[in-house]
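Take a look at this one chain, the form predicted on its own, written out in C-alpha cells.
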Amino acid sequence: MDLFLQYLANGIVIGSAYVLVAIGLTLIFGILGVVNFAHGEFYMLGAYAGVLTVTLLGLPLIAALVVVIAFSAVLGVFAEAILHRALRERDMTSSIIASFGLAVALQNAALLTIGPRPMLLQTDLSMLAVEFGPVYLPLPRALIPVAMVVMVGLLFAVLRYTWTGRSLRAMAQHRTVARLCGVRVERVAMVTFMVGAGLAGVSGFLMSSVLMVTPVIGNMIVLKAFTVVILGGMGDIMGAAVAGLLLGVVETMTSAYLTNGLRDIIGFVIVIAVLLFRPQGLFGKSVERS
C-alpha cells in the first residue's frame, strides 16, 4: 500500500505538468480553432529560459518564473502572428503545416544557440524533501501540483470574472457575434496565444528540475498534450485538467506494475479506444473533426 501511494503521488506530479501544457493547447484550439503542433516547443523554451535564468544570471526562482512567463508571452505573440493572424482566412490544414514548420525552426534555433548538451535545474531546494506519511517527494516535485492548482485556479478566475475572460469565452462561442458585441478579436487571439504559451513555458520550467532539458523534449510532451486534449474533449479546460492527472497516474502505474517500456504506449492505446468508442472525449462535447 505504501508503494502504491508513492506511485500515485509520482503520477500526480507528472500529470500536473501534462495539465498545464494541455490546458494551453486546448485553450488555443477551443477559442481560435488552431491545432498547434509547435506547442511542445513553448514547453522546451520555457524550460531553457528558466534554467539559464537561474544558472547564468543567478536570479531566485520567483524572479526566474516571472522571466519565463514574460518570455513565453512574447513567444506566444510571435506564434499567433504566424499561425493565426497570417493564416486565419485559410483552412485548418495551413495552420497545422505551419505549426510543424515552426516547431522544427524553434528546435533548430535552440540547438544552434544553446547546444545539444542536456541541462537540469539544480538549486538549494533540490536537497530538501517533504513527507506525507509513507509518501516522500523532493521539494521541487512536491511544488509542481501546488503550482498547477494555483495557475489553473487563476485561469478560471480570469475566465469567470474579468472582461478579458468574458471576451475569451465569447470568442469560443462565436467569433462574428463576439466582434459585433465589441470584442476586439485580434487582441483576444493574441492574449489566447500568450496564455497558452505561458502555461506551457511554466510547465517546462517546473519540470526542468525533474527531467533533463534538451532541444527535442517538446516532441513527446506535445503528443502527451494532444492525448490529454482528446481524452478530455477538444476545447474542454476542465476535461483537460482531469485527463492530464489521469494520464500521469496511468503512465506511472504502468511503469511501476508492468514495464517501463509500455509507459509511453498506454496513453496512445487509450486514445485509440476513446476515438473508436467516444470520439468527443471522456468529458467533452461532440465536435466535427477533419
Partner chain sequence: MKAGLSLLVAAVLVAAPFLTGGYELQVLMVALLYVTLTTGLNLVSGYAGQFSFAQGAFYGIGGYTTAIMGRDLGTGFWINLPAGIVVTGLFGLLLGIPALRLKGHFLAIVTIAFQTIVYLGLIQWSGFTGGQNGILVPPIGAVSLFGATLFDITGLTAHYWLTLVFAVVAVWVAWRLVHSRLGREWVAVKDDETLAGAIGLDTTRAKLTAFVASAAFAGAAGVLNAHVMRGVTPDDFTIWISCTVVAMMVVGGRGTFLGPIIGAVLLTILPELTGSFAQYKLFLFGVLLVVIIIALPEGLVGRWRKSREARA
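Since the structure is predicted, the reported quantities are computational estimates derived from the model, not experimental observations. Residue numbers count along the first chain shown, from 1.
Separately, the form predicted together with its partner chain exists; it is not shown, and the next lines address it.
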| property | result |
| --- | --- |
| Listed residue (128, 146, 97, 211) with a non-hydrogen atom within 4.5 angstroms of its partner chain in the predicted bound form | 97 |
| The single option of 87, 191, 178, 151 touching its partner chain in the predicted bound form, heavy atom within 4.5 Å | 87 |
| Close approach of residue 82 to its partner chain in the predicted bound form, 4.5 Å, heavy atom | yes |
| 4.5 Å heavy atom contact, residue 164 to its partner chain in the predicted bound form | no |
| 4.5 Å heavy atom contact, residue 123 and its partner chain in the predicted bound form | no |
| Distance check, residue 226 to its partner chain in the predicted bound form, heavy atom within 4.5 Å | yes |
| Complete contact of 51, 132 and 252 with its partner chain in the predicted bound form (any heavy atom, 4.5 Å) | no |
| Interface stretch in the predicted bound form with its partner chain - options 155-163, 138-146, 106-114, 203-211, non-hydrogen atom within 4.5 Å | 106-114 |
| Neighbours of its partner chain in the predicted bound form among 229-263 [non-hydrogen atom within 4.5 angstroms] | 230, 234, 261 |
